[in-house]
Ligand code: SAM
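Below, in C-alpha coordinates: the form predicted on its own, a single chain.
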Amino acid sequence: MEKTLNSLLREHRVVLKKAYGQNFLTDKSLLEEIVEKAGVDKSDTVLEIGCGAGALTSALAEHAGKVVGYEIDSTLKPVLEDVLAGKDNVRIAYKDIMKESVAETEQKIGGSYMLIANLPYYITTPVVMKFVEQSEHMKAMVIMVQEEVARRFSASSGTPDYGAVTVGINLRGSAEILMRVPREKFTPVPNVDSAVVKIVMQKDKYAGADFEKVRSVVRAGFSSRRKMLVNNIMNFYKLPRSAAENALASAGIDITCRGEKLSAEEYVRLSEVLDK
(Lines give C-alpha, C1' and ligand atoms only; values in the text may rest on other atoms or scores of the structure.)
Protein backbone atom coordinates (compact mmCIF):
# COMPACT_ATOMS: atom_id res chain seq x y z
CA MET A 1 0.00 0.00 0.00
CA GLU A 2 1.27 3.49 -0.89
CA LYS A 3 2.38 5.50 2.10
CA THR A 4 0.76 8.83 2.96
CA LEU A 5 2.80 11.98 3.53
CA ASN A 6 2.10 11.95 7.25
CA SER A 7 3.07 8.27 7.61
CA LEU A 8 6.32 8.91 5.71
CA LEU A 9 7.20 11.84 7.95
CA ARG A 10 6.39 9.84 11.11
CA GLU A 11 8.32 6.77 9.92
CA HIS A 12 11.45 8.80 9.21
CA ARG A 13 10.95 11.15 12.18
CA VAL A 14 10.93 14.25 10.03
CA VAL A 15 9.47 17.51 11.34
CA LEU A 16 8.49 20.11 8.75
CA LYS A 17 10.28 23.45 9.00
CA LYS A 18 8.41 26.73 8.55
CA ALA A 19 11.69 28.47 7.74
CA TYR A 20 11.91 26.49 4.50
CA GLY A 21 8.32 27.20 3.46
CA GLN A 22 7.47 23.49 3.36
CA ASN A 23 3.94 23.13 1.97
CA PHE A 24 3.71 19.86 0.06
CA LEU A 25 1.37 18.75 -2.74
CA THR A 26 0.14 15.16 -2.51
CA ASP A 27 -2.81 15.09 -4.93
CA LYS A 28 -1.63 12.66 -7.62
CA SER A 29 -4.12 13.78 -10.25
CA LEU A 30 -3.10 17.42 -9.74
CA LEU A 31 0.59 16.52 -9.97
CA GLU A 32 -0.06 14.59 -13.18
CA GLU A 33 -1.94 17.58 -14.59
CA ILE A 34 1.01 19.88 -13.83
CA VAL A 35 3.45 17.52 -15.56
CA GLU A 36 1.07 17.15 -18.52
CA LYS A 37 0.63 20.93 -18.91
CA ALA A 38 4.42 21.32 -18.75
CA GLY A 39 4.67 18.99 -21.75
CA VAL A 40 7.38 16.77 -20.26
CA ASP A 41 8.43 13.64 -22.16
CA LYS A 42 11.33 11.18 -22.19
CA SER A 43 13.43 13.52 -24.32
CA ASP A 44 13.43 16.11 -21.51
CA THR A 45 15.77 16.78 -18.62
CA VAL A 46 14.04 18.46 -15.70
CA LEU A 47 15.52 20.56 -12.92
CA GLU A 48 13.37 20.57 -9.78
CA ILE A 49 14.07 23.03 -6.97
CA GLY A 50 12.66 22.09 -3.57
CA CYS A 51 11.90 18.38 -3.92
CA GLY A 52 10.21 18.25 -0.51
CA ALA A 53 8.72 14.80 0.11
CA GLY A 54 9.16 13.79 -3.53
CA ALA A 55 5.57 13.72 -4.82
CA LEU A 56 6.25 16.00 -7.80
CA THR A 57 9.72 14.47 -8.24
CA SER A 58 8.14 11.04 -8.58
CA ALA A 59 5.60 12.26 -11.14
CA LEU A 60 8.36 13.96 -13.14
CA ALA A 61 10.51 10.80 -13.06
CA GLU A 62 7.67 8.84 -14.69
CA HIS A 63 7.63 11.17 -17.71
CA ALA A 64 11.10 12.77 -18.05
CA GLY A 65 14.31 11.24 -19.29
CA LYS A 66 16.26 12.66 -16.35
CA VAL A 67 15.41 14.63 -13.19
CA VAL A 68 17.99 16.68 -11.31
CA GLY A 69 16.62 17.81 -7.97
CA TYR A 70 17.80 20.23 -5.29
CA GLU A 71 16.57 20.04 -1.70
CA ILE A 72 17.91 22.30 1.05
CA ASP A 73 16.58 20.16 3.94
CA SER A 74 18.83 17.12 4.26
CA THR A 75 16.53 15.59 6.93
CA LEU A 76 14.17 14.75 4.06
CA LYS A 77 16.76 12.45 2.47
CA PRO A 78 15.32 9.19 3.89
CA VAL A 79 11.81 10.25 2.82
CA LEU A 80 12.99 10.98 -0.73
CA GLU A 81 14.97 7.73 -0.89
CA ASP A 82 11.81 5.86 0.13
CA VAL A 83 9.49 7.65 -2.33
CA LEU A 84 11.96 7.52 -5.24
CA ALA A 85 13.12 3.93 -4.74
CA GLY A 86 13.62 2.28 -8.13
CA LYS A 87 13.58 5.55 -10.07
CA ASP A 88 17.09 5.46 -11.47
CA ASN A 89 16.68 8.60 -13.62
CA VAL A 90 16.62 10.90 -10.57
CA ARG A 91 19.60 12.56 -8.89
CA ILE A 92 19.12 14.74 -5.78
CA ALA A 93 21.59 17.30 -4.44
CA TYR A 94 21.02 18.27 -0.80
CA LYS A 95 22.08 21.89 -0.94
CA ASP A 96 20.84 25.47 -1.30
CA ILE A 97 20.67 26.17 -5.03
CA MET A 98 20.88 29.92 -4.35
CA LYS A 99 24.47 29.35 -3.18
CA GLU A 100 25.41 27.86 -6.55
CA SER A 101 25.77 29.80 -9.78
CA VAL A 102 23.44 29.04 -12.67
CA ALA A 103 26.49 28.15 -14.77
CA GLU A 104 27.52 25.52 -12.19
CA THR A 105 24.01 24.08 -12.06
CA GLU A 106 23.76 23.93 -15.85
CA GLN A 107 27.14 22.26 -16.10
CA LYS A 108 25.83 19.48 -13.84
CA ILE A 109 22.64 19.17 -15.88
CA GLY A 110 24.52 19.04 -19.18
CA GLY A 111 22.36 20.46 -21.97
CA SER A 112 18.92 21.97 -22.34
CA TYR A 113 16.32 21.46 -19.61
CA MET A 114 13.02 22.57 -18.12
CA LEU A 115 12.77 23.95 -14.58
CA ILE A 116 9.66 22.55 -12.89
CA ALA A 117 9.00 23.15 -9.20
CA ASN A 118 6.61 23.85 -6.37
CA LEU A 119 8.73 26.76 -5.18
CA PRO A 120 8.79 27.79 -1.53
CA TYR A 121 7.18 31.23 -1.41
CA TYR A 122 10.12 32.91 0.28
CA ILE A 123 12.51 32.21 -2.61
CA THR A 124 10.11 32.42 -5.56
CA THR A 125 11.16 35.72 -7.13
CA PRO A 126 14.92 35.36 -6.43
CA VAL A 127 14.95 31.88 -8.02
CA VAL A 128 12.85 32.90 -11.01
CA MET A 129 14.86 36.02 -11.81
CA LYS A 130 18.18 34.27 -11.24
CA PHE A 131 17.38 31.63 -13.86
CA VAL A 132 15.51 33.94 -16.25
CA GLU A 133 18.39 36.42 -16.31
CA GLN A 134 21.37 34.06 -16.19
CA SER A 135 20.33 30.78 -17.81
CA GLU A 136 21.86 29.75 -21.13
CA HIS A 137 20.14 26.39 -21.55
CA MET A 138 16.71 26.56 -19.86
CA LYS A 139 13.86 26.04 -22.37
CA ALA A 140 10.98 26.79 -20.04
CA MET A 141 9.99 27.13 -16.43
CA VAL A 142 6.76 25.68 -14.98
CA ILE A 143 6.39 26.72 -11.37
CA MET A 144 3.83 26.69 -8.59
CA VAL A 145 3.83 30.10 -6.92
CA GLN A 146 1.65 32.30 -4.75
CA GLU A 147 -1.35 33.41 -6.83
CA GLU A 148 -0.65 37.14 -6.53
CA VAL A 149 2.95 36.54 -7.62
CA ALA A 150 1.67 34.58 -10.63
CA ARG A 151 -0.40 37.61 -11.61
CA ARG A 152 2.68 39.85 -11.38
CA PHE A 153 4.75 37.48 -13.52
CA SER A 154 2.14 37.40 -16.30
CA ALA A 155 0.65 40.92 -16.07
CA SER A 156 0.03 43.22 -19.03
CA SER A 157 1.58 46.68 -19.13
CA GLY A 158 -0.52 49.42 -17.57
CA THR A 159 -2.19 47.12 -15.02
CA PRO A 160 -1.66 47.30 -11.22
CA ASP A 161 0.18 43.93 -11.16
CA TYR A 162 2.68 45.00 -13.85
CA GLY A 163 6.12 45.80 -12.45
CA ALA A 164 9.88 45.51 -12.83
CA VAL A 165 9.72 41.71 -12.38
CA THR A 166 7.20 41.44 -15.23
CA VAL A 167 9.48 43.42 -17.53
CA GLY A 168 12.47 41.34 -16.44
CA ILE A 169 10.66 38.15 -17.48
CA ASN A 170 9.46 39.70 -20.76
CA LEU A 171 13.02 40.64 -21.70
CA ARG A 172 13.93 36.95 -21.93
CA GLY A 173 10.61 35.22 -22.59
CA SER A 174 6.88 35.28 -21.88
CA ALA A 175 4.72 34.09 -18.99
CA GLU A 176 1.18 32.74 -18.70
CA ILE A 177 -0.90 31.29 -15.87
CA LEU A 178 -1.79 27.65 -16.59
CA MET A 179 -4.01 26.86 -13.62
CA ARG A 180 -5.07 28.01 -10.18
CA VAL A 181 -4.47 25.73 -7.17
CA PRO A 182 -6.50 26.29 -3.96
CA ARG A 183 -4.65 26.30 -0.66
CA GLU A 184 -6.50 23.17 0.52
CA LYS A 185 -4.42 21.08 -1.88
CA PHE A 186 -1.30 21.58 0.28
CA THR A 187 -0.06 19.99 3.50
CA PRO A 188 0.18 21.89 5.77
CA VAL A 189 -2.41 24.32 4.38
CA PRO A 190 -0.85 27.76 3.64
CA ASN A 191 -2.63 31.10 4.11
CA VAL A 192 -2.87 31.85 0.37
CA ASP A 193 -3.92 30.20 -2.88
CA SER A 194 -1.39 29.30 -5.55
CA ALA A 195 -1.15 29.17 -9.33
CA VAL A 196 1.00 27.38 -11.88
CA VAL A 197 2.89 29.70 -14.23
CA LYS A 198 4.72 28.75 -17.41
CA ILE A 199 7.58 30.94 -18.62
CA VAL A 200 8.80 30.07 -22.11
CA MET A 201 12.30 31.33 -22.80
CA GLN A 202 13.07 33.18 -26.03
CA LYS A 203 16.84 33.44 -26.02
CA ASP A 204 17.12 35.82 -28.98
CA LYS A 205 14.08 37.94 -28.18
CA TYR A 206 16.16 41.13 -27.91
CA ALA A 207 19.44 40.03 -29.43
CA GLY A 208 22.16 42.60 -28.99
CA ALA A 209 20.49 44.40 -26.07
CA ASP A 210 22.67 45.26 -23.07
CA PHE A 211 20.47 43.71 -20.40
CA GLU A 212 22.34 45.29 -17.50
CA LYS A 213 21.65 48.74 -18.93
CA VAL A 214 18.05 47.84 -19.72
CA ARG A 215 17.49 46.63 -16.15
CA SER A 216 18.93 49.92 -14.91
CA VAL A 217 16.33 51.82 -16.94
CA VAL A 218 13.60 49.49 -15.65
CA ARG A 219 14.66 50.23 -12.07
CA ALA A 220 14.46 53.93 -12.89
CA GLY A 221 11.05 53.53 -14.48
CA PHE A 222 9.56 51.85 -11.42
CA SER A 223 11.50 53.82 -8.79
CA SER A 224 8.35 55.84 -8.07
CA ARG A 225 5.18 54.45 -9.66
CA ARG A 226 3.16 57.61 -9.00
CA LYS A 227 5.57 59.87 -10.86
CA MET A 228 5.78 60.34 -14.60
CA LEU A 229 8.59 58.42 -16.29
CA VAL A 230 10.37 61.62 -17.31
CA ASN A 231 10.73 62.62 -13.63
CA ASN A 232 12.06 59.18 -12.67
CA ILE A 233 14.60 59.31 -15.51
CA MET A 234 15.69 62.81 -14.48
CA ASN A 235 16.17 61.79 -10.84
CA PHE A 236 17.77 58.41 -11.51
CA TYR A 237 20.27 59.58 -14.14
CA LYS A 238 20.72 63.17 -12.88
CA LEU A 239 19.57 64.63 -16.20
CA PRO A 240 17.99 68.00 -16.94
CA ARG A 241 14.32 67.82 -17.97
CA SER A 242 15.08 68.72 -21.57
CA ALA A 243 17.51 65.79 -21.92
CA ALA A 244 15.09 63.33 -20.31
CA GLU A 245 12.22 64.50 -22.52
CA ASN A 246 14.40 64.27 -25.64
CA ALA A 247 15.41 60.72 -24.71
CA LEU A 248 11.77 59.64 -24.37
CA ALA A 249 10.79 61.35 -27.61
CA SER A 250 13.72 59.75 -29.47
CA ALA A 251 12.57 56.34 -28.23
CA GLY A 252 9.03 57.03 -29.46
CA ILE A 253 7.61 57.22 -25.92
CA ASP A 254 4.98 59.72 -24.73
CA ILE A 255 6.75 62.13 -22.36
CA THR A 256 3.69 62.17 -20.05
CA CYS A 257 3.52 58.41 -19.48
CA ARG A 258 4.46 56.43 -16.38
CA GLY A 259 6.97 53.58 -16.24
CA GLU A 260 4.26 50.95 -15.77
CA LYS A 261 2.91 51.73 -19.26
CA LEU A 262 6.10 50.69 -21.09
CA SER A 263 6.56 47.28 -22.66
CA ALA A 264 9.86 45.41 -22.49
CA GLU A 265 10.53 46.47 -26.09
CA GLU A 266 10.07 50.15 -25.19
CA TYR A 267 12.45 49.79 -22.25
CA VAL A 268 15.04 48.32 -24.61
CA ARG A 269 14.62 51.26 -27.01
CA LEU A 270 14.85 53.80 -24.19
CA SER A 271 17.97 52.09 -22.87
CA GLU A 272 19.65 52.37 -26.27
CA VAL A 273 18.81 56.08 -26.49
CA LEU A 274 20.02 56.82 -22.97
CA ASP A 275 23.22 54.90 -23.63
CA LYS A 276 24.02 57.32 -26.44
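Position 1 is the first residue in the sequence shown; the rest follow in order. This structure is a prediction, so every number in the text was calculated from the model and none was measured.
Missing here is the form predicted together with S-adenosylmethionine (SAM); even so, the following discussion is about that form.
You can rule out all but one of 89-97, 149-157, 195-203, 106-114: in the predicted complex, only 89-97 has residues with a heavy atom within 4.5 Å of S-adenosylmethionine (SAM).
Proximity to S-adenosylmethionine (SAM) in the predicted complex, taken as a non-hydrogen atom within 4.5 angstroms, holds for one residue of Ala247, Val40, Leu47, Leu56, which is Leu56.
Listed residues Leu119, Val142, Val83, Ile169 were compared with S-adenosylmethionine (SAM) in the predicted complex; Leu119 is the one with a heavy atom within 4.5 Å. Taking non-hydrogen atoms only, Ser263 never approaches S-adenosylmethionine (SAM) to within 4.5 angstroms in the predicted complex. Taking the partner from the other structure, S-adenosylmethionine (SAM) in the predicted complex has a heavy atom within 4.5 Å of a heavy atom of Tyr70. Proximity of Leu229 to S-adenosylmethionine (SAM) in the predicted complex falls outside the 4.5 Å heavy atom cutoff. Although the partner is absent here, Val217 sits far enough away that none of its heavy atoms falls within 4.5 Å of S-adenosylmethionine (SAM) in the predicted complex.
With contact defined as any non-hydrogen atom lying within 4.5 angstroms of S-adenosylmethionine (SAM) in the predicted complex, the stretch 170-184 contains no contacting residue.
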